[in-house]
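Shown below, as structure tokens, is a lone chain in the form predicted alone; questions about how it binds or moves come after it.
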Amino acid sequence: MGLHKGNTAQYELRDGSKIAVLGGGPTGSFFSIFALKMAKMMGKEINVTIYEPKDFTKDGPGGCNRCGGIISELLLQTIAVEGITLPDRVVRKGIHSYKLHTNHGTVFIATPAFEKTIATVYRGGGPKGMAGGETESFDNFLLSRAAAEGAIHVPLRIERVESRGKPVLFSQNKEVMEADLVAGCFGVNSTTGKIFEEMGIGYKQPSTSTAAIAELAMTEEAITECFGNSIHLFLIPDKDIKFAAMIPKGQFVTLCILGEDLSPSIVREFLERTLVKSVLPSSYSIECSCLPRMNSGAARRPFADRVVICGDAGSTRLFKDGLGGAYLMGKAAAKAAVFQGVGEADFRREYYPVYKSIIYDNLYGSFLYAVIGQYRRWKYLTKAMIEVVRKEQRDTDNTEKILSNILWDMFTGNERYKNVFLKSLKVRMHIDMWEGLFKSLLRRDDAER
């Protein structure tokens, strides 16, 4: 059986084996690319068909994947090693700094190092009116790479999957394929999750929360003047908003608001805040907005015999680096399928440890966001945080800049939450925080006298 251990030969992928990938976003494309590459390494010819009805070249809602569209330099370097180099036409803007806004002060946070920079991309064709230019969406680029590797893209929506020993796929009540493996690479905003729940394999979709995303149209001159190469991050004492970010992309700025079950009016209410108005130019328009769901907890039973579910539909990184999570989980699922097999035991042994590692890391993330939540609610803690970051940014001899690094890594994909948590335990930072808090309280006492 070669690399295939502890399972029967019926679950090995052989020459001519058929894999159906439901979802052509980053997870589906990464899975397809790596499955085909790995099969070639093994001397096998497999057939990969990606079922994705959405056209990622279209602008507006037709091609939109409802995502902030941030990609870390670490991920860019990682996929470049894999032979996937992101061309300039896909990158909308390189980001080298954050501007952190609170009700009690604003502070500039520069990237800790070159390898920790980030870039912005559009997941679809961008807001209405952008199609036909010299730019390309990240999702379309990646799907094209999967096709170049040998995958076939079929623009069909799969509506039902039946198990007859092997999974059988249906679209418009017609059988379209009997597959040796079905990879569910869809998002939490898709209805595809119900298909897998109805298969009776024990899969249960992940818990979700509601975010808000809007595209703000303004001139490139206004974006350069107001935003430059910075993402503007807002930590405000609002119980419904964990944080909000404004991400510059060419002629648009993407606004992302993360919280719990946000209302349809949240975008306009947020933009009317005095703090937010101080950042924006005098003239802009809301081009479009939506309230997508976001994965806030991993799915149950993400695999079975000849079925594996990955990406947002399974386990992904909490509130950040969805593209990094797509790469990690897509590759892990492909590796298990090709090198081990497509049986439940194979995925449990080779895929599930990676799946669980993200779940455990997100526990650290949940704790860190809870701590940040206390900092944004208590004004003297907020002032102390701003005081420490300003001190770190002024001190050119300080190479550690602990709190600055923590805040940078919390909102990018360059570090695991566990590593951020370990940084937060450093005594030096806590001494600086107490000193900042003491100064804030002294200023209050002086003001009250």
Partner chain sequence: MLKGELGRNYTDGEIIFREGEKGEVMYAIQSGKVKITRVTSSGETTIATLQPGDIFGEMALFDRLPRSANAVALGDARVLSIDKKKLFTTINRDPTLVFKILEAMSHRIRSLNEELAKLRDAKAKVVKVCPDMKATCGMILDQAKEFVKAENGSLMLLDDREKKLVIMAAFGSDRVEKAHLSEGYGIAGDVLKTGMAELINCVSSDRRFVRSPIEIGSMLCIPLKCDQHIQGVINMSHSSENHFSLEDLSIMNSLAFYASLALQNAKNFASLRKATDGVLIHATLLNEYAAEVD
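Please read all numbers here as calculations on a predicted model, not as lab measurements. Residue numbers count along the first chain shown, from 1.
The discussion below concerns the form predicted in complex with the partner chain, not included here.
message = To test your reading of this chain, name the stretch in 195-203, 261-269, 70-78, 170-178 whose heavy atoms come within 4.5 Å of the partner chain in the model of the complex.
response = Selected range: 70-78.
Answer option from Lys335, Arg160, Lys166, Arg273, heavy atom within 4.5 Å of the partner chain in the model of the complex = Answer to the contact question: Lys335.
task = Would you mind picking the one in Met38, Val388, Leu381, Val420 that has a heavy atom within 4.5 Å of the partner chain in the model of the complex?
result = When the partner chain is considered in the model of the complex, the option within 4.5 Å is Met38.
message = Lys93, Lys116 and Arg416 - do all three of these have some heavy atom no more than 4.5 Å from the partner chain in the model of the complex?
response = Every residue of the spot touches the partner chain in the model of the complex.
message = Within 4.5 Å, heavy atoms only: does Tyr327 come near the partner chain in the model of the complex?
response = Answer yes; at least one heavy atom of Tyr327 falls within 4.5 Å of the partner chain in the model of the complex.
ask   = With a 4.5 Å heavy atom cut-off, would you call Gly83 a contact of the partner chain in the model of the complex?
value = So Gly83 counts as contacting the partner chain.
inquiry  = Does any part of Phe339 reach within 4.5 Å of the partner chain in the model of the complex? Heavy atoms only, please.
reply    = Phe339: contacts the partner chain in the model of the complex.
query = Hey, in the model of the complex, does Arg89 get a heavy atom within 4.5 angstroms of the partner chain?
reply = Heavy-atom contact with the partner chain at 4.5 Å: present for Arg89.
Neighbours of the partner chain in the model of the complex among 172-200 [non-hydrogen atom within 4.5 angstroms] = Residues within 4.5 Å: none in this stretch.
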